[in-house]
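First, one chain by itself: the form predicted on its own, in C-alpha cells.
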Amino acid sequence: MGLKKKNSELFVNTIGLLITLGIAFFLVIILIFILSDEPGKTIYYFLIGPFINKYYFGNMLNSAIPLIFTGLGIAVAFRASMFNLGGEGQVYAGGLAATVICLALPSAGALVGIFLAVLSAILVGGVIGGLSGFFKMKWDTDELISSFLFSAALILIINYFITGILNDPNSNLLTTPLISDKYFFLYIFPPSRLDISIIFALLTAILVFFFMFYSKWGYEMRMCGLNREFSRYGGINTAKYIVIPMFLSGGLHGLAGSISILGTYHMCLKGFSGGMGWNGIAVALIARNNPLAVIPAAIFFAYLEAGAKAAMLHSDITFEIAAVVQSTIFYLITAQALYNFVRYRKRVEV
C-alpha cells in the first residue's frame, strides 16, 4: 500500500507540473501576441531557437552546468530541512577564490592549478554556508536569514576586490585579469562554449544521489530533515547535521563559481554569478530535491534563457519583453514546486 500511495503521489505531482508548464507556455504565447508585431516568428525562435544550430544548443547546455551544481547544493540543504538563501554570494566567492589561485600560480602545472582552484572554491563556499549552519546549531539563528545576509554582504565585498585591488586596468570591463589559458577547460562542442565540465556536473549529480540515498551519512541527514527530534532519540548526532548540510550546500555553490571561471569566463567578471543562486532554488524545487532530477530541471531553465535570447536576436521583442516572458514561466513553475514542498513539510510535521 505504501509503494502504491507513493507512486500515486508521484503521478499526481508529475501531472501537476505538466499542467503548470502548459499554463505557463499558454500565458507566454498570449504575451507574445500582445507584445510582438510578428508573434509567429517570435514564438518559433522562443521554442525552437535553442536547437537551430550547434552554437545555440551547446551554449544552452553550457549555461545549465552551474545550475546543476547550485540545484544540487539547494537539494542537499533542503533534504536536511535547512534553507540556504546565500547561493549568489557563495557562487561569487567561489569564482573569486578560483581566480585568485590561478592568478597567484601562473607557473603551476595545469592539473595542479585546476585542482587547487576548484578545491579553494569548494572550501570558501563551504565555510560561508557552514557558518550559517554553525550559528543555527550554536544559537538557533535562523539560517535562512543569516545565509541571505552573508550573501548580500559578500557580494559587495567581492565587488570591491574586482573593481579595486584585482581590477585589470587594461580591460574595458569591470573584471580581474585573464587567467592563464592552460587552466581553461577543453571545449567539446565547437563553436559553442560547452566544455568538459558538463561531464563533471553529471558525475557530481550521480555522486550526490548515491551519497544521499545509499550512504549512512545521507540516511542520517535525511532522517534529521524528516524529524530531528525522532532522529535524536534514535541516537543520531543531530547537531552535526545542521552544519554539514550547509557546508556541503555552500561547497557545491562555490564549485559552480569555479567551474564558471575555468570553463566559461576565464576571469572574474563583476556580477557573473547573477541569477545562479536563485535559479538553483527553483531547479531544486522542480526536481523535488532529487539529485538526478536536478539535471533535466537545470537544462529546462537553461532552455528558457536560451529561448528568450534567441527570440530577442531574431524577432522584434526587446530584452525587457524577453525577460517578462522568461519570468512568467519561472514564477509559475516555481510557485507550483514550492506549493508541493510546503505541503510535504506540513504533512511530515503532522
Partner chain sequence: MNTFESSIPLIHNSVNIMTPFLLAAMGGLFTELSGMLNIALEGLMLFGAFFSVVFAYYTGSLFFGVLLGITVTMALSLVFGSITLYLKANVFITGLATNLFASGFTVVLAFHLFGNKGVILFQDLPELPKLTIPLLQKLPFIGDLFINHNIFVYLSWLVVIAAYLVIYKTPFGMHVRGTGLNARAIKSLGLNPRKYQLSAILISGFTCGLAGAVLTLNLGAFIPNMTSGRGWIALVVIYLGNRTPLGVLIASFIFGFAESFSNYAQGSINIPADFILAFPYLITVAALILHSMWKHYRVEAR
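Positions refer to the first chain, counted from 1. This structure is a prediction, so every number in the text was calculated from the model and none was measured.
What comes next is about the form predicted together with the partner chain, which is not displayed.
- The closest non-hydrogen atom of A323 lies within 4.5 Å of the partner chain in the predicted bound form.
- Not displayed here, the partner chain is approached by T318 to within 4.5 Å at the level of heavy atoms in the predicted bound form.
- Within this chain, N167 is remote from the site of the partner chain in the predicted bound form, having no heavy atom within 4.5 Å.
- Proximity of Q336 to the partner chain in the predicted bound form falls within the 4.5 Å heavy atom cutoff.
- With the partner left out here, the partner chain still marks one of 198 to 206, 136 to 144, 219 to 227, 261 to 269 in the predicted bound form; by a 4.5 Å heavy atom cut-off that stretch is 136 to 144.
- Taking L149, L174, L178, A108 one by one, only a single residue has any non-hydrogen atom within 4.5 Å of the partner chain in the predicted bound form, and it is L149.
- In terms of contact with the partner chain in the predicted bound form, the residue from A104, V112, A153, L186 that brings a heavy atom within 4.5 Å is A153.
- Residues of 263 to 298 that come within 4.5 Å of the partner chain in the predicted bound form, judged by any heavy atom, are W278, I281, L285 in sequence order.
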